[in-house]
Every structure is written in C-alpha cells, then in structure tokens.
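Heads up, the chain below is alone and in the form predicted on its own; it's given as structure tokens.
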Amino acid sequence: MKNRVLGKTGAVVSEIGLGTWQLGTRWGEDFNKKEAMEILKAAEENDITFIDTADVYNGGKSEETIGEYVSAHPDKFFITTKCGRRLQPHTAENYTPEAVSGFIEDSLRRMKLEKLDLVLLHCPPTPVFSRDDIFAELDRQKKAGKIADYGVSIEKVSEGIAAMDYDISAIEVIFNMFRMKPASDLFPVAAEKNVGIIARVPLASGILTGRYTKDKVFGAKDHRSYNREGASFDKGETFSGVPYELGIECAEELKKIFNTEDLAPIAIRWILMHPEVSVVIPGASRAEQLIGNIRAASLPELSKEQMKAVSDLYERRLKEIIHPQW
C-alpha cells in the first residue's frame, strides 16, 4: 500500500481508504456489528490508514463501531467524518453554527475521541458553501481543539470551488471513469491551494465492478432502486448519475479496453493515476470486498493509450449528460 499526503492537513494516509456507508451492512439491510469489526480488522491488516464515515451512516452505528475499534487500536487510522445530513429538513436555513457545533460534539461522543482528525460538511445545499458563519464556526472548533481540520463533501464542482474561499483542508467529491469533470475544473484549483482530494463513489455504485447486467434487480430499500431520479437525495450519488442501462453498456466497452471482466481494481487504479487525488474510498459491506478493492494498489500504471481510451469513451457517450449537471 502506497501513501499520499492529504493536502494541508499534512497527514500521510494510505492512497486507498475505506468508505463506510455500507460498513457491516448492504444497502437496505440491517447493521451487522460483527461484520463491521471484521472489515475494520481487514483494513488494518492490509495497511489501510484512512477511514471515511458520517454521523448518519447506519444511524450512528458506523461511528460507534469505528470508535470502539479505534480505541482498541490507537494511532492506526486517520478518521474523517461528515455532518449535516441529520438536519430535517435538510435546508440551508437549518445550517447554523449551533447545529454544526452539536454535530461535532455528537461525533466525538459516539467515537469516544477528544479530537476529530477531519470533519466535512456533508453535501449541504449550495448556499451553505458561501456561508461565512458556518466556516467561522468550523474555525472556532479547530481553535478549541475539537477538530484538527475541516473541509466539504460536494455534489457539484462549483461548490468545491466556492468552499476554497475558506480555509478548508480537503474536498470529498465523486470522481470516477463516469464523472471526469473534477479533473479538469476542480483539481487544478485544489492543487494550487493545497487542498486534499478524497475521491468517493469510485465504482459508480457497482457498475464499474463489471459484474452487473441490465436485468440486475436491486432490493426495494437499496438506493439503486429508489433514487435513480433523485427521489431521496442527489441522483448523482446513484450510479454517478449515469442512466443504468447506459452505464452497463459503457462498462462493457471498458471491459474490452482492458481485456478483463473484473473492472473494480482497474477503475480504482484509474483514479490513482491522478496525482491530485490524496485517497480513494471504495466501500465494503464485507471483508472480502475490501481485500478485492485494494488489489488496485499493486497494479502497474495504466498506459497513455488506455487512459485516452477511457477519456474518449466519456467524451463520446457520457460527457453531454454528466458534465453539465455536476
């Protein structure tokens, strides 16, 4: 496992981390603490040092389980958590300094920590990215020693650019073979300002594993069933916003480009070809998935011809749909 520096935090973290939206569960299923602990153990044993979580994941159980594991294995992980999605309704007006302060206290309590390594605003409504009072509160939390650094998780590239008017240390953004706009529009600004990039949804909700077909059926409580048009949250979170059947067709083309049926490690390696990315965070609902994902770390660099073929596919089939939305 290679390491990279996470922007102005100065932290050296594994270039492949662990996303925990599915920690100990599959989307729509009950939380399994035993499975969650096994995933965290596999992460430690395979030199993953970066964990990404959020206060809403599994109703707070992800943070609680991570906190329990970390307390027994101190100084092993850099933990990023996100806050804001607990607001009901999730509106810009409900984002207040008091709310942010409360979320940070709650995360500290759940994870039994004295300081959070990195806190991100969790894809708030667009106006929040220009709210002086919210970022001033994050500054106060940093000065008070409750958080070491802060940043934002975004849906749109424009939101990340707006947030860099403040002293953020990292941006979490959807970036994969189906979502290329961050590379051209966001990464150069982030590099200039030494803001770390956390690449999320690297496998486009599973399409970029290469294992799905057009007749795949997802469970009723799985966001890949109910959120394809953004019924519950931004549709870009589901299959990266790509219409499902089109995504399957593009995945089949990628299999031909790379002469493989197993796209997952290739898709992660493609992300790591971008030096501006500090860490990529594939999720895992079981330990075997995590071990499969980290195979990307040992793959050789992709060739210029392969990188161009992926870009050409995006330009030809996806850019017109995806680029303007996010």
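Please read all numbers here as calculations on a predicted model, not as lab measurements. We number the residues from 1 along the sequence you see.
We do not show the form predicted together with a small molecule, though everything after this point is about it.
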| item | value |
| --- | --- |
| One stretch from 107-115, 136-144, 183-191, 120-128 that, in the predicted bound form, holds residues within 4.5 Å of the small molecule by heavy atom | 120-128 |
| Heavy atom of Arg200 within 4.5 Å of the small molecule in the predicted bound form | yes |
| 4.5 angstroms heavy atom contact with the small molecule in the predicted bound form for Arg286 | yes |
| In the predicted bound form, Trp27 touching the small molecule (heavy atom, 4.5 Å) | yes |
| Any non-hydrogen atom of Ile281 within 4.5 angstroms of the small molecule in the predicted bound form | yes |
| Contact check for Gly19, Lys82 and Glu172 against the small molecule in the predicted bound form, heavy atom at 4.5 Å | yes |
| Arg224, Lys76, Lys156, Lys235 - the one with a heavy atom within 4.5 Å of the small molecule in the predicted bound form | Arg224 |
| Option touching the small molecule, based on a heavy atom within 4.5 Å in the predicted bound form, out of Phe103, Tyr212, Tyr166, Tyr95 | Tyr212 |
